[in-house]
Each structure stands twice: as structure tokens, then as C-alpha cells.
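There is one chain below, alone, in C-alpha cells, taken in the form predicted alone.
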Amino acid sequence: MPRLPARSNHRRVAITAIGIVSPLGRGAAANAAALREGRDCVTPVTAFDTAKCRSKTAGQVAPMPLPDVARAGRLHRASHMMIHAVREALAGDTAFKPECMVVGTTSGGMSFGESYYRSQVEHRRDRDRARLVANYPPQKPLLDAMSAAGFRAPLQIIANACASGTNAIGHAFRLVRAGQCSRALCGGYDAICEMVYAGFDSLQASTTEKVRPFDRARTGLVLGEGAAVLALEEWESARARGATILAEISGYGISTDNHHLTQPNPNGIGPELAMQRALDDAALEPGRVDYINAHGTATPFNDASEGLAIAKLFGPGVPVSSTKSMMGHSLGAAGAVEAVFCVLAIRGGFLPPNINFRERDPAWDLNIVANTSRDARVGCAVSNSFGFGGTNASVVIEEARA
């Protein structure tokens, strides 16, 4: 189908580098290999005691040493993940100098906050209290990453539930497209912590079984963690300096349905509006999309709402998968991680699978990439992120074309 008339006053926005750490592995190559394999990286939780929780599993990032970072052992795990992700991105494009950094997260160094408040309740005079407080703010992992990577730039934090990572990418995209900056480093991070894990478990949103997005017998999500960043640059600037352009961000859409504190509107209006607005922003018809990386948490309500919206807007033709089936839901990091997955799919010519899938939900007809990856040309992908409170965000990522 033809492209809609483009907006002539908009600058094109290139992705020139990516960096990622997830339960699937450290680095873009490791994640691409795991996606092609359809590897299940959800394992029993080791970070804390889950004896009182229904759910016992999560997608966890393996420890990552930082021998060249002073006092690395005192840094939060989120800092470790962000340092590795930022370093990979800047190593992939050594001439890229960020003019700003926009990152989404939901909890920051929450485990430090847990330790601090436990010491208060237990009336312990923790000699390490200053470190707990200093590492708690959400900007701390990003400042640590800047320091380790050797740069400084203005920093913006977006905390908008599980849409945070996609919101951060979308905001950075608009900054570059509007000419307010030429180069932006954007993404998201979140690390598993006991309080958030127990919270989802108490809501009975977590499953005791395999996570099965869009499956008729889905029973809930598992939590995950990770960090991912994308280097965005004005297209002509990137071309002029001979940068390798991995892909292009062409559209961003948001909506808020305000239906319920934790449940989406069952009619799917929130996800539908976010996806439609992203397509309109990119001047694309739905038929131009080759792949949708769905939010797909595997909760009964989320998948019903998103599935209805996708079926209504795109019909049964476009391939859909939720990569959360392999690594869990990384909250504020999810949108950034999954945007990188879309870049990997575009560059690698494959569709990431929706593993653990057994039976189609008869409520809607979707082309689920069930259980195994598929070789395919992916010229255009949509990445969805939807969060508590009815916050919805979608971003359109296209292959790099002159």
C-alpha cells in the first residue's frame, strides 16, 4: 500500500547504534541469537526469597563484572546494566556525541530503598545508610553510565509505568525531528526488586506457570529486567559523517484511556489510538507494517485489549509476537528492549517468536509467530508498550532507506 503524504517540515531520525543487556544475553549479537533460537530465559528467582509468593520465576540478567570501574561492587545492578548498554552503543558509533539523554524507568534503585526503610522499621543504625539513599534516585544508574562512558549530557527521566521506555524513545525522537537537538541517547532500564515483585504477585498478575502471551489459556506475566539504549541522530547529520544507519524511527503515538488503575479498557481503544497515531505520525497505512512486537504481558485483560486493537487495526495478516514470553516483563525497560529487538529483526531479516504458545484465543484472529522464529523481510515494525493507568505508547521503526 502507498505511503501517505509525508510532513515536509519533519527531519528524519536515524538509529546509528544500539546497546542492550537482557535475560537473553549481554550485547546485540547475543540477544539476536537468543531471539532466533526462541530461548526461554525465565528461571527461578535467585535475587530474593519467593517463599511467600505464588510466582517463583522471572527473567534475570546474569552478573556482569566491571573490573575497570572504581567501586563497581557498590553500584546498583541497574547501574551495571546501564553501563554495559551505553558502552556498547557508543562503541558501535564512536563518533556519536550525545547532546542529551532521555531514559525511562519505573523503580530506579528500589532495592536500596527497601534496605533503607527496613533499617528504619527495625531501628537499625545502618552505617551504610548514606550509600542506600545516594543510590536510590532513578538518575543514579544513568549518571554512573555517563561517568563510565566518559561523557556528560543533560538528562531526562520518564517514569510513566510500563510505557516509560517507549515514551523515552518517542520523546527523544521528537526532539531530534524538531531540531531541538541533533543527537540523543535514549532508552530504558529496570532491575528486579522484591517489593515490585511481591506487588505484582499480590495483584495476582503473575503466573505460576509458563508465560503464554495471546494464548487462550494464558494465566499471567512474569517479571524481567534489563537495559537498552538507542543512539538517535538527525538523518542528514548521520549521513554527512558517514555513520552506519541501522534503522529509522518514523512515528510515535500515545494515548491515555483512564479506564482503571491497573486494567486496560476492554474495548481496546487505548492501544488502538496509540498505534493509529504512530502510523499517522509516520505517514503509513497499516498494510505497510511487516511485524508488531506486542506489549503482550500474557495477563487475561492486557492481551484481550491489545489483541482486539491489533485485529481491528491491522487484520489477521501482520505477524505478531510478544518477546516477553522469552524474558518476562522488564517494566520501564520493556519498550527500549523491544525497540532494540525490532532493530535486530529488521537488520537480521527474521520475526522473533512468541514461545509457549499452544492455542489461539478465539476472541480475535491474529497471525502469531508461534514458538519458532521465521525468516522474513521486515521493512517496518511497530513496538507497543502499555502500562497501568491506561498509558499507551507505540513507536514505528523502519529499515534504513536512502
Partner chain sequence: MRAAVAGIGCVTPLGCGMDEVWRRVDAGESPELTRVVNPETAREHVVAPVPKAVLAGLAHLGREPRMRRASPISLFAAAAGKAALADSGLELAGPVKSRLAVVFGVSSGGVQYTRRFYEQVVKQGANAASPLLFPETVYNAPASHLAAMLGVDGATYTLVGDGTVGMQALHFAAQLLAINDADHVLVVAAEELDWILAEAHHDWRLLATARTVPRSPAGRRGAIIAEGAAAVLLQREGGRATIEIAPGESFFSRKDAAGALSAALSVHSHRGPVDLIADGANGTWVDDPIREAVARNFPQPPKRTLPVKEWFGEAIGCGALLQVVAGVDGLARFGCASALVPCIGWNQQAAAAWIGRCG
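Positions refer to the first chain, counted from 1. Everything numeric in this text was worked out from a predicted model, so none of it was measured.
There is another form of this protein, the form predicted in complex with its partner chain, and it is not shown here; the text below is about that form.
In the model of the complex, its partner chain stays beyond 4.5 Å of every heavy atom belonging to residue 312.
Contact check for residue 255: a non-hydrogen atom falls within 4.5 Å of its partner chain in the model of the complex. For residue 194, a non-hydrogen atom is located within 4.5 Å of its partner chain in the model of the complex, even though that partner is not displayed. The closest heavy atom approach of residue 146 to its partner chain in the model of the complex falls within 4.5 Å.
In summary, the region of this chain contacting its partner chain in the model of the complex, judged by heavy atoms within 4.5 Å and restricted to 371 to 379, 65 to 73, 34 to 42, 47 to 55, corresponds to 47 to 55. Annotation: in the model of the complex, residues 114, 139 and 155 each come within 4.5 Å of its partner chain through at least one heavy atom.
For the options 245, 304, 283, 161, the one in contact with its partner chain in the model of the complex, meaning a heavy atom within 4.5 Å, is 161. Checked against its partner chain in the model of the complex, the candidates 240, 217, 95, 133 yield a single residue with a heavy atom inside 4.5 Å, and that residue is 133. Contact residues in stretch 179 to 209 (any heavy atom within 4.5 Å of its partner chain, taken in the model of the complex) are 180, 194, 195, 196, 198, 199, 200, 202, 203.
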